[in-house]
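What follows is one chain in C-alpha coordinates, specifically the form predicted on its own.
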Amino acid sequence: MRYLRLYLHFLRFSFSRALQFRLDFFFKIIMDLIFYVVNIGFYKILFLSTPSLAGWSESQTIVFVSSYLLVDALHMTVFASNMWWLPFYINRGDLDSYLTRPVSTLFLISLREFAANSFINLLFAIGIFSWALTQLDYSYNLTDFLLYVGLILNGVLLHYVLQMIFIIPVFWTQSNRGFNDFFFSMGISIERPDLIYKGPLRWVLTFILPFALIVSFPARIFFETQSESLLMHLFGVTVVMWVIMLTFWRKGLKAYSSASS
(Lines give C-alpha, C1' and ligand atoms only; values in the text may rest on other atoms or scores of the structure.)
Protein backbone atom coordinates (compact mmCIF):
# COMPACT_ATOMS: atom_id res chain seq x y z
CA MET A 1 0.00 0.00 0.00
CA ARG A 2 2.92 2.34 0.66
CA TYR A 3 4.16 1.88 -2.90
CA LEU A 4 0.66 2.36 -4.28
CA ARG A 5 0.22 5.65 -2.40
CA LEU A 6 3.63 6.78 -3.62
CA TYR A 7 2.75 5.97 -7.22
CA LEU A 8 -0.52 7.92 -6.92
CA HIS A 9 1.56 10.92 -5.88
CA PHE A 10 3.71 10.41 -8.98
CA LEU A 11 0.54 10.50 -11.12
CA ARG A 12 -0.73 13.70 -9.53
CA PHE A 13 2.58 15.52 -9.95
CA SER A 14 3.00 14.34 -13.53
CA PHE A 15 -0.42 15.61 -14.65
CA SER A 16 0.11 18.93 -12.87
CA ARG A 17 3.48 19.42 -14.54
CA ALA A 18 2.25 18.39 -18.01
CA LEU A 19 -0.65 20.85 -17.96
CA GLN A 20 1.76 23.73 -17.30
CA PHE A 21 3.06 23.33 -20.88
CA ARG A 22 -0.15 22.82 -22.81
CA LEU A 23 1.23 23.42 -26.31
CA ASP A 24 3.83 20.69 -25.81
CA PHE A 25 1.16 18.49 -24.21
CA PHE A 26 -1.19 18.65 -27.21
CA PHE A 27 1.61 18.54 -29.79
CA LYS A 28 2.84 15.19 -28.44
CA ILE A 29 -0.70 13.82 -28.57
CA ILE A 30 -1.02 14.81 -32.23
CA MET A 31 2.37 13.26 -33.07
CA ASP A 32 1.37 9.93 -31.54
CA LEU A 33 -1.98 9.93 -33.36
CA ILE A 34 -0.15 10.40 -36.66
CA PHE A 35 2.07 7.46 -35.69
CA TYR A 36 -1.04 5.31 -35.14
CA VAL A 37 -2.56 6.28 -38.48
CA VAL A 38 0.68 5.56 -40.37
CA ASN A 39 1.07 2.10 -38.81
CA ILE A 40 -2.50 1.02 -39.53
CA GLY A 41 -2.43 2.61 -42.99
CA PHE A 42 0.75 0.72 -43.90
CA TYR A 43 -0.91 -2.66 -43.38
CA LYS A 44 -4.16 -1.56 -44.98
CA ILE A 45 -2.22 -0.66 -48.13
CA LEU A 46 -0.24 -3.91 -47.93
CA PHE A 47 -3.42 -5.99 -47.91
CA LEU A 48 -4.55 -4.38 -51.14
CA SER A 49 -1.98 -6.65 -52.81
CA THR A 50 -2.05 -9.82 -50.69
CA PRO A 51 -4.74 -11.89 -48.93
CA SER A 52 -2.51 -12.85 -45.98
CA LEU A 53 0.72 -11.96 -44.19
CA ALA A 54 2.74 -14.65 -42.39
CA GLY A 55 -0.42 -16.76 -42.41
CA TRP A 56 -2.58 -14.05 -40.84
CA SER A 57 -5.68 -12.54 -42.41
CA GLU A 58 -6.14 -8.79 -42.63
CA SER A 59 -8.34 -8.68 -39.52
CA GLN A 60 -5.79 -10.72 -37.53
CA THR A 61 -2.95 -8.49 -38.68
CA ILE A 62 -4.84 -5.36 -37.65
CA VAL A 63 -5.35 -6.89 -34.19
CA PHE A 64 -1.59 -7.51 -34.08
CA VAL A 65 -0.86 -3.90 -35.10
CA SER A 66 -3.31 -2.50 -32.56
CA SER A 67 -1.68 -4.70 -29.91
CA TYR A 68 1.72 -3.25 -30.79
CA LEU A 69 0.28 0.26 -30.55
CA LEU A 70 -1.17 -0.60 -27.15
CA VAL A 71 2.16 -1.96 -25.88
CA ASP A 72 3.94 1.12 -27.21
CA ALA A 73 1.42 3.48 -25.59
CA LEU A 74 1.70 1.71 -22.23
CA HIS A 75 5.49 1.81 -22.38
CA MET A 76 5.54 5.48 -23.38
CA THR A 77 3.10 6.33 -20.59
CA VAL A 78 4.69 4.41 -17.73
CA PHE A 79 8.37 3.77 -18.48
CA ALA A 80 9.78 5.76 -21.42
CA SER A 81 10.51 9.08 -19.66
CA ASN A 82 12.22 7.27 -16.82
CA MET A 83 14.37 5.26 -19.23
CA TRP A 84 15.40 8.47 -20.99
CA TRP A 85 16.68 10.11 -17.77
CA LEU A 86 18.40 7.09 -16.21
CA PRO A 87 21.77 7.50 -18.04
CA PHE A 88 21.92 11.15 -16.92
CA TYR A 89 21.22 10.17 -13.30
CA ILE A 90 24.09 7.68 -13.43
CA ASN A 91 26.62 9.95 -15.16
CA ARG A 92 25.92 13.08 -13.10
CA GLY A 93 25.69 11.28 -9.77
CA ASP A 94 21.99 12.14 -9.37
CA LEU A 95 21.30 8.50 -8.62
CA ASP A 96 22.61 9.21 -5.09
CA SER A 97 19.32 10.81 -4.07
CA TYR A 98 17.41 7.70 -5.15
CA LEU A 99 19.74 5.28 -3.39
CA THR A 100 19.26 6.99 -0.05
CA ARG A 101 15.45 6.88 -0.05
CA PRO A 102 13.60 4.22 2.00
CA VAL A 103 12.00 2.54 -1.04
CA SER A 104 13.25 0.38 -3.87
CA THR A 105 15.63 2.35 -6.09
CA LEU A 106 14.52 0.35 -9.13
CA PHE A 107 10.90 1.26 -8.39
CA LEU A 108 11.73 4.97 -8.17
CA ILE A 109 13.87 5.26 -11.27
CA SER A 110 11.45 3.13 -13.33
CA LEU A 111 8.10 4.68 -12.38
CA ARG A 112 8.69 8.19 -11.03
CA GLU A 113 7.92 9.97 -14.32
CA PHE A 114 4.42 9.32 -15.70
CA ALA A 115 3.83 10.73 -19.22
CA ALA A 116 0.44 12.44 -18.97
CA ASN A 117 0.26 13.23 -22.69
CA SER A 118 0.97 9.59 -23.54
CA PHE A 119 -1.83 8.57 -21.19
CA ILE A 120 -4.28 10.40 -23.47
CA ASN A 121 -2.85 8.48 -26.42
CA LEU A 122 -3.13 5.28 -24.41
CA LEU A 123 -6.89 5.84 -24.33
CA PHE A 124 -6.84 6.16 -28.13
CA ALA A 125 -4.74 2.98 -28.38
CA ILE A 126 -7.24 1.11 -26.20
CA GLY A 127 -10.02 2.33 -28.52
CA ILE A 128 -8.15 1.15 -31.62
CA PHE A 129 -7.46 -2.21 -29.98
CA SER A 130 -11.15 -2.62 -29.07
CA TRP A 131 -12.21 -1.70 -32.62
CA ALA A 132 -9.72 -4.18 -34.12
CA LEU A 133 -11.09 -7.01 -31.99
CA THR A 134 -14.61 -6.32 -33.29
CA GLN A 135 -13.29 -6.72 -36.87
CA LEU A 136 -11.95 -10.24 -36.35
CA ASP A 137 -13.39 -12.76 -38.80
CA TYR A 138 -13.91 -15.40 -36.09
CA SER A 139 -15.30 -15.50 -32.56
CA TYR A 140 -13.41 -15.85 -29.28
CA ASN A 141 -14.49 -16.29 -25.68
CA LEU A 142 -13.87 -14.24 -22.55
CA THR A 143 -11.06 -16.53 -21.38
CA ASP A 144 -9.20 -16.05 -24.67
CA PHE A 145 -9.61 -12.28 -24.38
CA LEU A 146 -8.41 -12.08 -20.77
CA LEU A 147 -5.42 -14.29 -21.55
CA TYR A 148 -4.53 -12.06 -24.50
CA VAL A 149 -4.73 -8.90 -22.40
CA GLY A 150 -2.53 -10.55 -19.78
CA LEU A 151 0.02 -11.50 -22.44
CA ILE A 152 0.06 -7.94 -23.76
CA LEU A 153 0.82 -6.68 -20.24
CA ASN A 154 3.59 -9.29 -20.07
CA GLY A 155 4.87 -7.85 -23.35
CA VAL A 156 5.00 -4.38 -21.77
CA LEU A 157 7.04 -5.81 -18.89
CA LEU A 158 9.39 -7.63 -21.28
CA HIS A 159 9.84 -4.44 -23.33
CA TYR A 160 10.84 -2.58 -20.15
CA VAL A 161 13.23 -5.35 -19.07
CA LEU A 162 14.96 -5.46 -22.45
CA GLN A 163 15.42 -1.69 -22.54
CA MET A 164 16.85 -1.74 -19.02
CA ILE A 165 19.35 -4.41 -20.07
CA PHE A 166 20.53 -2.12 -22.86
CA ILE A 167 20.72 0.95 -20.60
CA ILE A 168 22.45 -0.57 -17.54
CA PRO A 169 25.89 -0.72 -19.28
CA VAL A 170 26.01 3.07 -18.72
CA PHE A 171 27.36 2.21 -15.26
CA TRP A 172 30.58 1.06 -16.97
CA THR A 173 30.65 3.03 -20.25
CA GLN A 174 29.51 6.44 -18.89
CA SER A 175 27.94 7.07 -22.29
CA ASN A 176 24.89 9.29 -22.80
CA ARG A 177 22.53 6.47 -23.80
CA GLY A 178 24.21 3.15 -23.18
CA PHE A 179 23.16 0.81 -25.98
CA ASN A 180 19.74 2.45 -26.27
CA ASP A 181 20.22 3.27 -29.96
CA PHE A 182 20.84 -0.42 -30.68
CA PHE A 183 17.74 -1.27 -28.64
CA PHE A 184 15.57 1.03 -30.76
CA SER A 185 17.12 -0.31 -33.98
CA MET A 186 16.27 -3.87 -32.97
CA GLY A 187 12.92 -2.72 -31.57
CA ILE A 188 11.62 -2.08 -35.08
CA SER A 189 11.20 -5.85 -35.32
CA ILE A 190 8.35 -5.59 -32.79
CA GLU A 191 6.22 -3.95 -35.46
CA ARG A 192 6.30 -7.01 -37.76
CA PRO A 193 4.94 -10.57 -37.28
CA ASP A 194 7.76 -12.83 -36.18
CA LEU A 195 7.01 -15.44 -38.85
CA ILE A 196 8.24 -13.11 -41.61
CA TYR A 197 11.77 -13.49 -40.23
CA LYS A 198 13.71 -16.57 -41.29
CA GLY A 199 16.88 -18.38 -40.32
CA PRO A 200 19.29 -17.12 -37.63
CA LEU A 201 17.56 -13.74 -37.31
CA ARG A 202 14.30 -15.33 -36.20
CA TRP A 203 16.20 -17.50 -33.71
CA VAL A 204 17.88 -14.40 -32.26
CA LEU A 205 14.56 -12.53 -31.99
CA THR A 206 12.99 -15.51 -30.24
CA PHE A 207 15.72 -16.59 -27.81
CA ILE A 208 18.64 -14.12 -27.50
CA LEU A 209 17.02 -10.72 -28.00
CA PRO A 210 13.38 -11.80 -27.68
CA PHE A 211 11.66 -8.83 -29.27
CA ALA A 212 9.35 -11.25 -31.10
CA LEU A 213 7.86 -12.28 -27.75
CA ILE A 214 6.58 -8.79 -26.95
CA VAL A 215 3.64 -8.74 -29.38
CA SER A 216 3.97 -11.50 -32.00
CA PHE A 217 3.85 -14.41 -29.55
CA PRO A 218 0.80 -13.08 -27.65
CA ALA A 219 -0.97 -12.60 -30.99
CA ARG A 220 -0.07 -16.12 -32.16
CA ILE A 221 -1.30 -17.59 -28.87
CA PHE A 222 -4.56 -15.68 -29.31
CA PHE A 223 -4.99 -16.78 -32.93
CA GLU A 224 -3.82 -20.40 -32.68
CA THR A 225 -5.69 -23.24 -30.97
CA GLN A 226 -2.63 -25.27 -29.89
CA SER A 227 -0.36 -22.75 -28.18
CA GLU A 228 0.78 -24.30 -24.87
CA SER A 229 4.42 -24.49 -26.03
CA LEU A 230 4.36 -20.85 -27.11
CA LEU A 231 2.89 -19.86 -23.74
CA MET A 232 5.54 -21.75 -21.79
CA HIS A 233 8.31 -20.29 -23.95
CA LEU A 234 6.94 -16.76 -23.52
CA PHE A 235 6.77 -16.87 -19.73
CA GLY A 236 10.05 -18.78 -19.44
CA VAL A 237 11.99 -16.22 -21.44
CA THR A 238 10.34 -13.34 -19.55
CA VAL A 239 11.46 -14.81 -16.22
CA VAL A 240 14.99 -15.39 -17.51
CA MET A 241 15.26 -11.83 -18.87
CA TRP A 242 13.93 -10.42 -15.58
CA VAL A 243 16.60 -12.33 -13.63
CA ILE A 244 19.31 -11.15 -16.04
CA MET A 245 18.15 -7.55 -15.71
CA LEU A 246 18.14 -7.68 -11.89
CA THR A 247 21.61 -9.25 -11.89
CA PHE A 248 22.98 -6.53 -14.19
CA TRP A 249 21.28 -3.85 -12.10
CA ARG A 250 22.88 -5.06 -8.86
CA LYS A 251 26.31 -5.33 -10.48
CA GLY A 252 25.83 -1.85 -11.95
CA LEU A 253 25.06 -0.39 -8.53
CA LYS A 254 28.26 -1.93 -7.17
CA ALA A 255 30.23 -0.29 -9.99
CA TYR A 256 28.46 3.07 -9.58
CA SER A 257 30.63 6.06 -8.76
CA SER A 258 28.48 8.48 -6.79
CA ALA A 259 28.83 12.24 -6.87
CA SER A 260 30.57 12.13 -3.51
CA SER A 261 33.25 9.61 -4.54
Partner chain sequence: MKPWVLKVISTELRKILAYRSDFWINFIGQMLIQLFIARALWSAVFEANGVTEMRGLTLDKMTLYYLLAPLIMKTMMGENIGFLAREIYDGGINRYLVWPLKALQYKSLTFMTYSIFYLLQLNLMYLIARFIFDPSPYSLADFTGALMGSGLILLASYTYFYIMSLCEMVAFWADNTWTLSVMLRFVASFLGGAFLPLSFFPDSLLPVLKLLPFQAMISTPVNLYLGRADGAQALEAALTLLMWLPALYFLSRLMWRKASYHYTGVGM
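Numbering follows the first chain given and starts at 1. Model, not experiment: these values are computed from the prediction.
Not on display, but discussed next: the form predicted in complex with its partner chain.
Within 4.5 Å of any heavy atom of its partner chain in the predicted bound form lies no heavy atom of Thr77.
Taking non-hydrogen atoms only, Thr50 approaches its partner chain to within 4.5 angstroms in the predicted bound form. Contact check for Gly178: a heavy atom falls within 4.5 Å of its partner chain in the predicted bound form. Proximity of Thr143 to its partner chain in the predicted bound form: non-hydrogen atoms within 4.5 Å are absent; the residue sits far from the partner. Per the 4.5 Å heavy atom criterion, its partner chain in the predicted bound form is contacted by stretch 170 to 178, the sole one of 124 to 132, 154 to 162, 170 to 178, 97 to 105. The partner is absent here, but in the predicted bound form a heavy atom of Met186, alone among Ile120, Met186, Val149, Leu136, sits within 4.5 Å of its partner chain.
With contact defined as any non-hydrogen atom lying within 4.5 angstroms of its partner chain in the predicted bound form, the stretch 135 to 151 contains no contacting residue. CA of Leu205 to CA of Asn176: closer by 3 Å or more in the predicted bound form than in the shown form.
Distance between the C-alpha atoms of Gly178 and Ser97: longer by at least 3 Å in the predicted bound form than in the displayed form.
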